Each structure stands twice: as C-alpha cells, then as structure tokens.
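What follows is a single chain, given as structure tokens, in the form predicted on its own.
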C-alpha cells in the first residue's frame, strides 16, 4: 500500500457532522485529491454546507498527519481548480523526511479518538494544555477562543435555543432519524447505541435519540472540570472553512494524545440566532466554526464505543 493510500485510509477516522463522512479521495501517481460529496450534505442542519467543508478539512488534516508521522514531506493545494468546486485539496507526495514526533503521537490518536458525549469529571483542563492546543490551532490558520466562566451560560443558551429550533422542525427530525438509523453496512451515521440520554448539563448536548432510549448514560459527573472552546476564523469562504476543519482535527488529535476526552458541539452554528450569540462570545472579531467540549473522564470509566466507518473501497478511487 502506498503512503498516500495509507493516508487516505487514516482520514476515514476523521470526525464529521452526524458522522456523514462527506468526502471522497482520488489517488493518481504521487497526487491524492480530496473531493466533497454533496450527496452526504445535511440539507436541514447544514443548509450552506459549512459543516461539510469543516468535516472535509478534518479529513485533510488526518491525511497530512499520517504522512508526516510516516516520514513523508508533501505539498498541499487548497481549492486548486476554481472550475471544480467539489475538488477541495490536492496533496502531492515529495520525498522522505525524518518523522515528526508530535505528528507520530497525533497519528496514533487517530485510531482511538472519538466523540464522547457523556459527562466529563471534575479534573480541570490546565491553562498550559489550552495554550498548547491554541498554538496548534493557530498553526493551521484558525484561532481558538477559550470560553470564560462568565460566558458558559451564553454558550448554554445558544445550544439550547438551537436544539429547540431544530427539534421543532419536521425536516430536521426526518434528517436526524435518517442518520441515526443507518443500515450497518453503510458504516456511517450515529447509531442510538452511541447516543447519550438527555440530562441536565452545563451546556446541553444534541439529543440523537429523541423518540427512543439512548444507549449510554451521561454518568454521575457534571462537566465541572470541562473546558469549552470555540474554533473560529476571520472569514467564511470555502477555503476558510476547510482550514477551520484542519484546525479542529489538530485540536482533537492533540487533545486525545494528551489524554483528554473531546466532544464537538455543532448545534449552535446550525441555526442563525444561536450562531449570532456564539459570535458574541468572540466579541465580534471572528466567525465561529464549531465549539468543542474538552475534559477528563471520571477515574475508572471505560471509553465510549467508536462510531462506524465507511469501507475505504467506497471512498478511495485509485487510478493506475
């Protein structure tokens, strides 16, 4: 298997909204091309395709990380052909280089990183860790806002307003059902077995099983030690959102490598008024891409189950 194919396979583990995995890869010689798959766009929760692009950006960063960890240099062209709007990036393999130790840690995290919607424990995320995460996010061309204690209520209100608006929308409920009741062979979506029962939380989480019993309890902890962050940028053009997704991936992989549990929170950017409230957290200096909850699991708690993944043969096309 070539380094580029291995990188594309690693990218299958990237996070995506509703676990839609809305991308495909085309491998030709020393070039690996990333395409958006509009057939997997959420037409209600993601009408403008912003979260689709962020998801694809996360896949791009996963692939880049795998190459760096394996000791390969590569160039990346983002939006390389204006005539091909679904072509998001082209990676060209160059030559072997000494493997990046930090990339190796993050690449190892690719295979066990997952969204954990359960409550996190009382152990606090340190300022040192948050500063380190901010540095990695900024390296990818985005920014990281750490939600202050006095801003938690505003974040919670934005998430609650978004949840209320969406769950009252029949089209959203139909879309939610479609992506939470996927046949097992599709390898995508959010099975009810991985959903968490609704309970009082510092910041509400999406209810993936509103009409049935979720498979996981939130647990006895209450997110007291959790940190909430917002990945944001200065623009909302496709290339900005792609870079935002790359920054999200860097955040999640580094956090996982450092022993943190993670849970992206996209609800508040899916509905206009809550998204406006989220902009308020940034004091109007940026465009919010996605919020993330970070924390430590209570001692002795087992990891949450992994989300399903699509068969690489359905996603990666190799041109001989």
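Positions refer to the first chain, counted from 1. This structure is a prediction, so every number in the text was calculated from the model and none was measured.
Unshown form predicted in complex with a small molecule; subsequent notes refer to it.
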Check all three, 19, 290 and 309, heavy atom within 4.5 Å of the small molecule in the model of the complex: yes
Heavy atom to heavy atom, is residue 32 within 4.5 Å of the small molecule in the model of the complex? no
How about residue 208 - does it come within 4.5 Å of the small molecule in the model of the complex, if we only consider non-hydrogen atoms? yes
Can any non-hydrogen atom of residue 294 be found within 4.5 angstroms of the small molecule in the model of the complex? no
Hey, in the model of the complex, is residue 254 touching the small molecule, heavy atoms inside 4.5 Å? no
I need to confirm a contact call. Of 154, 115, 104, 198, which residue comes within 4.5 Å of the small molecule in the model of the complex, counting heavy atoms only? 115
Can you pick out, from 69, 261, 51, 60, the residue that has a heavy atom within 4.5 Å of the small molecule in the model of the complex? 51
Partner-facing stretch of 220 to 228, 122 to 130, 106 to 114, 91 to 99, counted where any non-hydrogen atom is within 4.5 angstroms of the small molecule in the model of the complex: 106 to 114
